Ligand SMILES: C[S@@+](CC[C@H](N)C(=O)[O-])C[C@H]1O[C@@H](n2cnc3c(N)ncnc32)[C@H](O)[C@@H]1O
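Shown here is one chain on its own, the form predicted on its own, set out as structure tokens.
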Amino acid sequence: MKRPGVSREAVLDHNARAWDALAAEKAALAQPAGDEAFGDPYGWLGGGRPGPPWLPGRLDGVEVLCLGAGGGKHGPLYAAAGAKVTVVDLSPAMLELDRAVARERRLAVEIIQGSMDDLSMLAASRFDLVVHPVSTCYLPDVRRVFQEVARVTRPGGTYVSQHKSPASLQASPGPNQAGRYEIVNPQDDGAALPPAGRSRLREAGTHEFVHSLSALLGGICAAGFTIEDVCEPEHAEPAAAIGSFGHRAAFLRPYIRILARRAAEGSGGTAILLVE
């Protein structure tokens, strides 16, 4: 039976308040970057990793949009690495963490409160790079998100995004009596997932939604990006206790990261998917 859906407006209001509460609690994802990260911001952000380049060789002067990325981490670190940074996030409290870090580190960061599926406050083709940490799960429909990202990304620009894996969100957070994880939630039915307790898999108090690979990968392509790389970050821990995050990750990779590029004028664009 299809579960009842929730209106976009109700979802935005609910999740803004939920993330404000998580910031007030100093939850794990509301922890600003520390001195170690600022000691090598480009390296912390992934610059210099082996394999296809997910970031430009240098960030000096690069126009970067950190989308759904409040919390005092991504925006300030990109600014510290030399980029011209704009942060858009739904939660006022998460954005306040960015302001506080920017003040403390004397960094220039433009901070805007808004939803990732409505970037009408931003000019078209403005950004060289859009960085989008895990957050598409907080909206019932991702198509408009990717369309908005494509609009504000310059032709040839990159989009890096990370998402919660649909299979991981569909599965039970813990194992059954036989030690197995079961698929318990349907895909893409437009309804929020059942409430979950606090864990590394779900953010307590938020409305979250499962999006299929068709919606994620296909949606990025349909918006005018060419996907250049996809990976599932490794979080498995062979010796982890049954039921722990590391044990579950050996069966269900929790995240998918996508690197994409917006097509050149008249042909499309690029996008990058970031995983937590």
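Residue indices: 1-based, along the sequence shown. What you see is a predicted model, and the numbers here were worked out from it, not measured in a lab.
Not pictured, yet referred to below: the form predicted together with this ligand.
Among heavy atoms of residue 185, none comes within 4.5 Å of this ligand in the predicted complex. Although the partner is absent from this view, residue 71 contacts this ligand in the predicted complex, with a non-hydrogen atom inside 4.5 angstroms. Contact check for residue 171: every heavy atom lies farther than 4.5 Å from this ligand in the predicted complex. Shown alone here, residue 129 lies farther than 4.5 Å from this ligand in the predicted complex, counting heavy atoms only. Heavy atoms within 4.5 Å of this ligand in the predicted complex belong, among the stretches 149 to 157, 193 to 201, 172 to 180, 86 to 94, to residues of 86 to 94.
The single contact residue among 109, 77, 116, 142, judged by any heavy atom lying within 4.5 Å of this ligand in the predicted complex, is 116. Screening 236, 37, 29, 221 for any heavy atom within 4.5 Å of this ligand in the predicted complex leaves a single hit, 29. Shown here without this ligand, the chain has 133, 134, 135, 138, 139 in 119 to 145 lying with a heavy atom within 4.5 Å of that partner in the predicted complex.
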